[in-house]
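Shown next as structure tokens: one chain only, the form predicted alone.
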Amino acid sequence: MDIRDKYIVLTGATGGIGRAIARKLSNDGARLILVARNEQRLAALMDELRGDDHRAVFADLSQARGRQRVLEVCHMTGVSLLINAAGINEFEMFEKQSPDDIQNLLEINLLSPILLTQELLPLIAQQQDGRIINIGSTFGSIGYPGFSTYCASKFGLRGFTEALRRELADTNTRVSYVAPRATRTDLNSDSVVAMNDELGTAMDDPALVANEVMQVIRGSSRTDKYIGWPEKLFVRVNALFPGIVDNSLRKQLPTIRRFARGKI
């Protein structure tokens, strides 16, 4: 896909991965519709990007009015690509999570991108080469202790992406799912970073994830893309032989529980 001068909606634009994607897109000449909930960080991002035809939309996508703001801008500009990158995380053993935190995470990570996609799909479908890219996670394929609700949201996003891709298989609209592994962003608390360091879990720079997303945009594949090795292998093993992963993660449980309690 040639993105030069095309309007692209990017949600979660001020997050670590979102900012890195925004920089790559603007450097390649795209016109960005940047969506975020932090107005000051959104203004700062607008100032640092190349090009002068970008739009900033301060909106909470979990609210109908927030999604309507995005739609109103897109009706004026058109839209060729939607990148659903907005998301939150919470590292906590499931029994300790509050109902409000569970609902908020599912609304932002799963329900909001589904509803925004539904609203923008008629505009994207008007394009000769329309695209939808959902930013998921390795945890959308591997259930991991301490991230039960987050995993549920990303499993759901992966299933939605797969079904929509098949639903639109005979159209000009491509739907892709990109699954980063652990990434060094504000999404991860100090406890998560410390736990990953102790367990030897690699954490990628957001720029690496952005490069992978750009490869998906430039390509023609309709398949999912997983980032990182051996995480790609673990996804396959978990699908075919989940008992192996069960046993491996059971050994990590004492460490996971210790860091979930905040004992860094």
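What you are looking at is a predicted structure, and each value in this text was computed from that prediction instead of being measured. A residue's number is simply how far along the shown sequence it sits, counting from 1.
Keep in mind the form predicted in complex with a small molecule is missing from the figure; the text below concerns it.
K.L.:
Under a 4.5 angstroms heavy atom criterion, identify the one residue in 41, 236, 50, 55 near the small molecule in the predicted complex.
P.N.:
The residue in contact is 41.
K.L.:
May I ask you to choose, among 173, 176, 183, 80, the residue with a heavy atom within 4.5 Å of the small molecule in the predicted complex?
P.N.:
Of the candidates 173, 176, 183, 80, 183 is the one lying within 4.5 Å of the small molecule in the predicted complex.
K.L.:
Among 159-167, 84-92, 123-131, 71-79, mark the stretch whose residues have heavy atoms within 4.5 Å of the small molecule in the predicted complex.
P.N.:
Only one stretch passes the 4.5 Å heavy-atom test: 84-92.
K.L.:
Looking at the partner-bound form in the predicted complex, is residue 33 within 4.5 Å of the small molecule by any heavy atom?
P.N.:
Close contact is absent here: in the predicted complex, residue 33 is far from the small molecule, nothing within 4.5 Å, heavy atoms only.
K.L.:
Do residue 9 and the small molecule share at least one heavy atom pair within 4.5 Å in the predicted complex?
P.N.:
Heavy-atom contact with the small molecule at 4.5 Å: absent for residue 9.
K.L.:
Look up in the predicted complex whether residue 60 has a non-hydrogen atom within 4.5 angstroms of the small molecule, and give yes or no.
P.N.:
Yes, contact at 4.5 Å.
K.L.:
How about residue 225: is it within 4.5 Å of the small molecule in the predicted complex, going by heavy atoms?
P.N.:
So residue 225 does not count as contacting the small molecule.
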